[in-house]
Each structure stands twice: as C-alpha cells, then as structure tokens.
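Shown below, as structure tokens, is a lone chain in the form predicted alone; questions about how it binds or moves come after it.
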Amino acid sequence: MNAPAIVILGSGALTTARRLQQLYPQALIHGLTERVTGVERSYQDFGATLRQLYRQNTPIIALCAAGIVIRCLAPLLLEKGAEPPVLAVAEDGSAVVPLLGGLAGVNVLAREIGAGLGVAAAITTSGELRFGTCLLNPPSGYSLADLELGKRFVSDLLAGERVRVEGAAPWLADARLPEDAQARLAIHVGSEARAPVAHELLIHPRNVLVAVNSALPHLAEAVRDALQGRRIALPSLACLLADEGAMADSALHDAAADLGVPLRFAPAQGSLVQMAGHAVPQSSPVAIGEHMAVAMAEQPLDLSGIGRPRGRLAVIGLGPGAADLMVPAVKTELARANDILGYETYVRMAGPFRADQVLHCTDNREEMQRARHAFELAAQGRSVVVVSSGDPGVFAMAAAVLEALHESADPSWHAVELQMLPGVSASLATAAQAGAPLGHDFCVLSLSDNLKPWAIIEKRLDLACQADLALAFYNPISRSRPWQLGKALDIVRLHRTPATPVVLGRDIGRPGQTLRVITLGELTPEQVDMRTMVLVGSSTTCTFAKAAGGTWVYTPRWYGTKP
C-alpha cells in the first residue's frame, strides 16, 4: 500500500493530523492554502485534490465530514475493486469511518487509526464483522486470483456454508471461520497454476523470482511461457532479477512493467541459476534455456533483501516559491525521495519533510559537488532529488547535473534513471504578475560573470537589444558585482527610449513579494538587488492602468503595424 495522504480543511484538524502522521511517518499532510500553514503540501481546491490522489492510487485520510468526501469522489466511483482506501476521520479524532477500498485494506487502515486515536472504527463490512478478516483482501505478499468468484464465495459463507483451508495461510489463524475438513468450499493457497472455480477461493503467494537477461526476445512473453510451462501461476511472480550491469537496459524495464512486477539488480554471480539461488537461498533454481532461471521460495519474497532497484535522480524546479505554483509532478517526486540535495534556502522551501528523508544542504556555489554527490547516492539504488528554485534548466542545477554525468566514466552513474522536472521560472512568474511583458520574442540573460566573461555578456546583450527583444535579467546585481547592472543599462539605453516599460519583481511567489512598474529612464541600480527579477520591454511593449489600481504591462503578439 502506498503511503496515505492526510487531507485537512482547517487548522482545527492539524493536531489530529499530526497524531496520524506519527502512525504513518511517510504520510504527507495536505492543507487548504488560505487556512492551514506549516504542512507538507498546500492545495486550493479540496475536490480536485481528492480526485487527483484517488487517481494516483494514494490512500486518503480526510479529516472532515464523510458526505463531503463522498460528493467529491462520486464521479470516479465506476468500478469496485479499482480504488485506494478512503476514510473520513472527525477533526477531533473521535470517529473513524472507512468509506472506500474494502478490497484495498481500508478496514485494516481504519482499525489501525482507531487504535492510535483510542476510538472504535465504524466497520460495516458484513464478511469482516462475521469472520474478523476480509477474505478478499489477503495480506501483502499474496494475490487473489478472481475477485468476482471471490464475492460469490464470501456470499456462500455468509449464507451458512462451511470452509476448509488448503495450504499455508497464517493470517487466517485467528479468523472466525466456520472450518470443516469435509466442507465443499475451500480456501486454497499455492503457486500452482489452476483455473479458479466457484467453490474455491484461490490465493497465490508472491514467492517466485525469475532471473533474466535482455538478450531474450519478447522477454515478458517468454517469462509468461516459462511459468506456464512449469505450471506456476503468473500472480505468484514477485519480481524479475537481472545483472546490475544491465540496469539501464530498457528491454528489462519494459518487461517488468508489462508483467506488473518490480525489477531488481544484483552483481553478476556466475550463471542465472546461481544468481537466482543467491537471491532465494532456500530454493532450488531451474534454468529455462540460456536466458532465464526460476526460483521458488516457501513463503512470499521480501524484496527488500533481493538486489536493489535502479537508482533514480530527479532534478526539480520549485517555481518561484509559492506552494500552489509548484507543479504536481514535483510534489510527487519530493514525496517519494530518500534524499534531497540543494542550496539550503531552496531545500527548506521544498519542505517540510518526513523524518526518514535525508537532507543534504550545501552552499549555493557548490553545484558540481552537489551533482556528483547526487549521482553517488542514486547509484546505490536510492531515490534522489536535486532542488532548484524556478526552473532547473534556467541558470540552475539541470545543466550542472548533466555536466557531471557527461564528465563521468562511471557506468553506475550512467545507469541511474535521470529526469528533469520543470518549474515556473522567476522571469515567467514575474511576467505573469505584471501581465504579459514577455508576450512576444524575448531574451533571458544572466548578468553574473562568475562562469562566463563579462565581454560575452556585453556582446549578447547588445545583439539582443539590436534585435528588439524584450529582456529578462537574472542575477542582476550583488555585493561582489555592484557595477554590472549599470553597465548593462548603458547598453540597453543605446537601443531603447527612456519611456520603455520596466518591471521589477522582488521575491515573487514568496512572502513579502513586491512588484513595481517603472520606465527605463527611472531605473537605477540602487533599486535592484540579487532577489529582483528585471524585465525590460521591447519597442512595442505597452502599459495601461488596472481598474483596481496598478499597471498592466504587455508586449503585443504582433510586430510593427497591427494586423
């Protein structure tokens, strides 16, 4: 089960939410932006947030009235059995009501929450009340073969039929089942491939590992055929195992995705049979041709002890700082990360974090060391995030990470799954506040000469001005570079009139943000600091008054004569 999301509407529920977070340390608290502060995630639309979490198969613990949750999720309730656990919990923790996800463990979750809060969960499921367990929701490591036949099976039990248990089912030891060794109904637990029948509840343990290499064509189909040939049920397949030297091989990842199982990697240890035997010590692995070996354990496999997953490194953009301007994919990546690296100010902006997440905060001038450290962590099989403000590809960490990878000959670094996730850049965030000053062609230029000669900056700026592009200045001024902005403005004034609109956005998207619209003639370096974004219009950029006060700025999409 994925880590749950705790969703609250107001600060009155925060105390209970924190108590629930102690039960589930990986859970993130989602709070309504205008009512709740100091939580891991903020949102503006309760219904949209619930529906997004539901579609992502995230268990939902909503601290509000049950009716609100039901109305929000009603459009998505198309098929029972294809839903995550959803619960409503009273803000003061006095009631726990499981709503959806009976086949996904919602009643187990409800009882855990009830025990943690000291209240009885409102369980209404007939089979669970009668037998003390949900037969259609076997524990982790087991898979139900046929849900529809299972529903009929439980109905027959509730009608008075008795049952016998075949195979090892330790979770049923304390269940209140009407057992009879001669019963017509049977709960059968095993890895043998057999057709489900109406009088049998068929449950498969996930206890089979297949060691493979990608040289085999149509790998997923070959694995299915191999299991079928040995009369092993496909749901008993727990994972694929491959040589860590093939970690970046797309054929392996495609096969695992097709089969719906995790993919693990281990050092090459002789043949595939030897690799499988090392991963499942008590088994007797069997080779299937040259490219596959099958090992079966007596119990469901604990994947945490088998090889390691492919490491993942995501370079993310936080946007300008406001939580509601952070893209959902970035929030998801932060939630899954083991390690978060970045300039300390930006890392703190990305939080709060769970206790199990490791923060690696460094100085803003240590980009290459940070990038190399990120690859070292990801190469160990960890999920790593490198944080940038704005967009990581705009004067930020994406280029540094790729440069570190380009320079490295370490195959484990190149095997890491690398992804860049965009954010709202400071120039676009400032432009949006002002209107559309970058509404036509524009140039984004950093005035920092730390990594490039000032002569290059002057040349590029002069050419951009000649081209009549709107301009966005990053890193416009600092204590160590107090003169660059003045020099840059001298160049701009050779090509722009004093009436050219200028937008100064300071800390846009963060507390205390300010936005000013002035003219090029009024602009002086003293009005700007390192946290200011400077936007300079083109010859066509216009301004006009807002009805509520202030000024709109935009650069028309047409050029020259209006069409």
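Computed from a predicted structure; not experimentally measured. Note that residue numbering begins at 1 and tracks the sequence as displayed.
Keep in mind the form predicted together with a small molecule is missing from the figure; the text below concerns it.
K.L.:
Is there a heavy atom of N107 lying 4.5 Å or less from a heavy atom of the small molecule in the predicted complex?
P.N.:
Flag for N107 set to no.
K.L.:
Does the small molecule get within 4.5 angstroms of any non-hydrogen atom of T532 in the predicted complex?
P.N.:
Yes, T532 lies within 4.5 Å of the small molecule in the predicted complex.
K.L.:
Find out whether any non-hydrogen atom of R510 is located within 4.5 angstroms of the small molecule in the predicted complex, and reply yes or no.
P.N.:
Contact check for R510: yes, within 4.5 Å of the small molecule in the predicted complex.
K.L.:
Mark A396 yes when one of its heavy atoms lies within 4.5 Å of a heavy atom of the small molecule in the predicted complex, and no otherwise.
P.N.:
A396: yes, in contact with the small molecule in the predicted complex.
K.L.:
Only one of 173 to 181, 297 to 305, 401 to 409, 475 to 483 gets a heavy atom within 4.5 Å of the small molecule in the predicted complex; which is it?
P.N.:
In short, 475 to 483.
K.L.:
Considering G390, P98, P205, G342, which brings a non-hydrogen atom within 4.5 Å of the small molecule in the predicted complex?
P.N.:
Checking each option against the small molecule in the predicted complex, the one that comes within 4.5 Å is G390.
K.L.:
Here the chain is shown alone; which of P501, G505, P59, G31 has a heavy atom within 4.5 Å of the small molecule in the predicted complex?
P.N.:
Contact residue from the list: G505.
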